[in-house]
Structures are given as structure tokens and as C-alpha cells.
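One chain comes next, on its own, written as C-alpha cells: the form predicted on its own.
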């Protein structure tokens, strides 16, 4: 009986009920979509950072990271590691690098950079570096001592293709060495801050300057599945105990923080939206109670208990949420699916976004497992919103309520 009465009551004032339902639906839709949009941005940022810069795994000499990447800490087992990775299951690509920190100078200015001595073909399979070249070529032999630099760094140094730059750094014995290079290509990734601090040269040329032929400081590993990162890390650590193995989460803790904090961020964000909706629901249900003072008084006078009156008001609010909540979640789901497949172009802000590593095309994304908790949060909001109007209803005195005009 209460279920039927509550359902009929909410449709006695169709416009008011529809306004509440639409408020819940629109609020949930906006909250879900904004969360998916944010996650889509961060997911692309993580994918871009992992697949084009740091890879899923990196191996170094145990002291290489601790001692500010000094060139003397060479990974001696690099040939064995590379041979194993070439045949290991689950590995998409891998490469070795000679790495050192130094200064790059042009006729106008100087800047600090990380110098990466690479094997061009292997590096391209791991990071897709060749596809990011926007001017010139990819470490070809058309110029002597070629170097690849980022677009932002080129602008800072005020250099162009075939311009001469000088790299200065410490060799493996601690002495200062310098080498002249010609700009063979200018690349641009979606993270301009990294473009400004990373340059690429042939591994053999850098190793010769370092005074260590064949020296390898870093092995980068790109896997077929990110979920293999931790198991593969432990496997490599056991097989090559002289190497320090780190996943992308170890190398970039800020990305790990984004993943761990996303759940909290999502629930807090949606919680604020539902909190705002709570005031609207409370106001609507309180208005409904005050308009039906005589009716509620009559019901209590003929024997309806106060608990039944309380449950009736509660059910009315729950019904409103049961209609508005699923509508909002469905609208959010289909909007996310549609925009996720096509992408949202925010290239208007691309210059600012690229400095933080974000893409100008965002694909909103939200796992299906998040929708049930959001539905439960909506239901809980409805129940909490109904408590005060229901209490006002059961505090009415039947005799006085019946005489209300």
C-alpha cells in the first residue's frame, strides 16, 4: 500500500517532480562525465609518458640513480640482459642506451640536458622517436655527428637544422669533455617540458666521448601489457641481481599517485555534486509535506502510524532518485562512449597543456565498475535528503493538522 501511495504522490505535482528528477539526472551526468574526462586526460598522459619516454621497465647500475646518473656507473650485464629480452615472452621491444647529464650550448645560450646515446632502430621500436620528427631526419648519416633536439629546446637555443651545438659533460673518469654536433632533426612530443631536457645522439659517438666503448647505462623495456610490469620486474631482478630494476611507477611516482588518488578524487567530486542536489531534494520534499499537512494529519487520525508516514515520505524521495539516478548514469555512459571513441578536441589550449604533458585530444574513459558505487551514492543521498522532511511530517499533531487551511 505504501509503495503505491508514494508512487502516486510524486506524480500529483508532475512538473515539480520532473524538475527534481532532471536535477538528479543532469547532476550525475555532469559529475560522471567530468570524472571520465579527467581520467581520460591522465590516462593519455600516463600512456604517452610510459610508451614514448620512460617505458614500462628500466634497468641500471644500482648506484646510477643514487649518484645523479654519473657516467662511470656502467651496467656490465647489459649484453646478457638484451639477449634475454630479445627472446622473452611479453616483451614488445627493448633497447640499450648510454646516458649522461650535461650542458648543450649554442652561439646564443646554454641549457642543461640529458644526453641519450641510442641505437636508432631499437629506440624507435621502443619510443617511436622517428614518428615525432617534425623537421629534418632521424639520426641519418647525411651530417657528421648528428643530434636530435626537441622543438622547445631549439627555440630556446635559437638553432635550426644543421646548426652547430656543443655538448659538455663528464666522462667515466670524471674529466670534462666536449663534442660538437649538427642538428639533424627536431622532434616534438606531447610533453614539451621533456622535449626541452632530452637530446639524442648515436650511442657509439657518446660512448667514444665518455671514454667507454660499448658502455650501457640504461636498458629500457616496453611490454605488451602494463599488468606484466611487476611480475617481470621480479623475474629480471632474480635473473640479473647486479642490475637495479624499476617499473614506470618507481621511475615516475607522480603517475602512481594519480592512479592511487583517482578513486578518492572521483568520490569527492561526485559527492560535492550530490551534496548540492541534497538541498534541492530537501526543499522539494519539505514543500510537499507542508502542502499536505491536512492530508497527513487525516492519515494519522484514521490510524496510520508515524513510522508508516515516515516511510511514505522516504519512499517518495527514493522513487525520485530511482528515476533520476539511472537516467543520469545512462546519459553519462553513452556520452562517455560517444566522446571516448571520437575524442574531444581541446587544441585551443594545446600550448599550455603540452607543457604539462597532456594531449590536445582527450578521450573520456571510465571503467564500468564505477557506476554501481555512484548509483549507491545517489540512493544514499536520497535517503539522507528525506530524513528532515519526514521528521517534520511525523511531528504533526493530527488534530491541529486537520484544522489547517
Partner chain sequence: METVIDAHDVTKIYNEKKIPVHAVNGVHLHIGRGEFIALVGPSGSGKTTLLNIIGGLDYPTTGQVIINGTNITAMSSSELINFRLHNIGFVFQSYNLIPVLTARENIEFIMLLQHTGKKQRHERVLNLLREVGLEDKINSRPGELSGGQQQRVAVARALASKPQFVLADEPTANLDSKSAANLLEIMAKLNREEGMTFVFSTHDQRVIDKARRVITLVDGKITSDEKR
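Numbering follows the first chain given and starts at 1. The model shown is predicted, which means the values in this text are computed figures rather than measured ones.
Although not depicted, the form predicted in complex with the partner chain is the subject of the following passage.
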| item | value |
| --- | --- |
| Heavy atom within 4.5 Å of the partner chain in the model of the complex - residue from 260, 160, 92, 308 | 308 |
| Contact assignment for the partner chain in the model of the complex, among 226, 295, 135, 242, heavy atom within 4.5 Å | 295 |
| 58, 222 and 234 each touching the partner chain in the model of the complex (heavy atom, 4.5 Å) | no |
| Contact of residue 16 with the partner chain in the model of the complex (heavy atom, 4.5 Å) | no |
| Residue 238: touches the partner chain in the model of the complex, heavy atom cutoff 4.5 angstroms | no |
| Residue 300 within 4.5 Å of the partner chain in the model of the complex, heavy atoms | yes |
| Contact label in the model of the complex: residue 74 to the partner chain, heavy atom within 4.5 Å | no |
| Region of this chain that lies against the partner chain in the model of the complex, out of 80 to 88, 287 to 295, 211 to 219, 119 to 127 [heavy atom, 4.5 Å] | 287 to 295 |
| Residues of stretch 1 to 21 in contact with the partner chain in the model of the complex (4.5 Å, non-hydrogen atom) | 1, 4, 5, 8, 9, 12 |
